[in-house]
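Next up is one chain by itself, shown in structure tokens, the form predicted on its own.
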């Protein structure tokens, strides 16, 4: 009989199409993961994957095994979660994907508070600003800005917030303060990359009419935290969510711009895969972060223009 860990490994190889990527995620060496997969295939007396130098694709038998194995793991996890629910326990692993800037500088500390209250709850965080697939990333929850297109996901809105243009006082003293969004083209612009494409269309509103300004960046990065660091260092103007920059604006390290032209606020949402009933740890985390967002919004209200 094979081990449960071998099944978990095979499922992650199927999701990631890579032995080495699955090994890293599960804390194994690529060599030990390859050996475990070979043992599993030997015990099953079938080849689960068609191997190439670049990719791992499921065979027909492998697809059938992985589909059934995924259901079995889900049932086992559901049984464990049901027991924890009955006992009112917070235990097991909680995997959460977070936006880079908000995750590192705000939400991580909040989640540290949660795990301090629940020593048997282990936390695994993934930082990034890409809209990755929840199954491929193997997370319970993903915190994301904006409306989401994937109808297969459940979502819980934590807050609605504005995106704002900000720059350091030092930069603005040197280069001047734009009085209209169209004047941003005269400034150094710091862009966030979404995938391989800079997010170069910034949204505002002029007399309640949507206004989109297309800009060229002097610098761009796929990490929102780096974009904010550039703004703090006086490298240019950034376009950030209010939650990302509220503390720096309050402290005077960044200055709000164009507040007469704010677009409609966007949702900040926790997303998770559809299940009949989310686990106790997932429900607890959602409610905990909801309360944290409400408290933060109360502590750092967006200044009125």
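Numbering follows the first chain given and starts at 1. Quantities reported herein were computed from a predicted structural model and do not represent experimental measurements.
The discussion below concerns the form predicted together with the DNA, not included here.
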Worksheet item: Among 63 to 71, 241 to 249, 37 to 45, 255 to 263, which stretch sits within 4.5 Å of the DNA in the predicted bound form, heavy atoms only?
Response: 37 to 45
Discussion item. Considering non-hydrogen atoms and a 4.5 Å limit, which listed residue (19, 293, 11, 282) is close to the DNA in the predicted bound form?
Written reply: 19
Discussion item. If we define contact as a non-hydrogen atom of the residue within 4.5 angstroms of the partner, is residue 267 a contact of the DNA in the predicted bound form?
Written reply: no
Discussion item. Quick check on residue 58: any heavy atom within 4.5 Å of the DNA in the predicted bound form?
Written reply: no
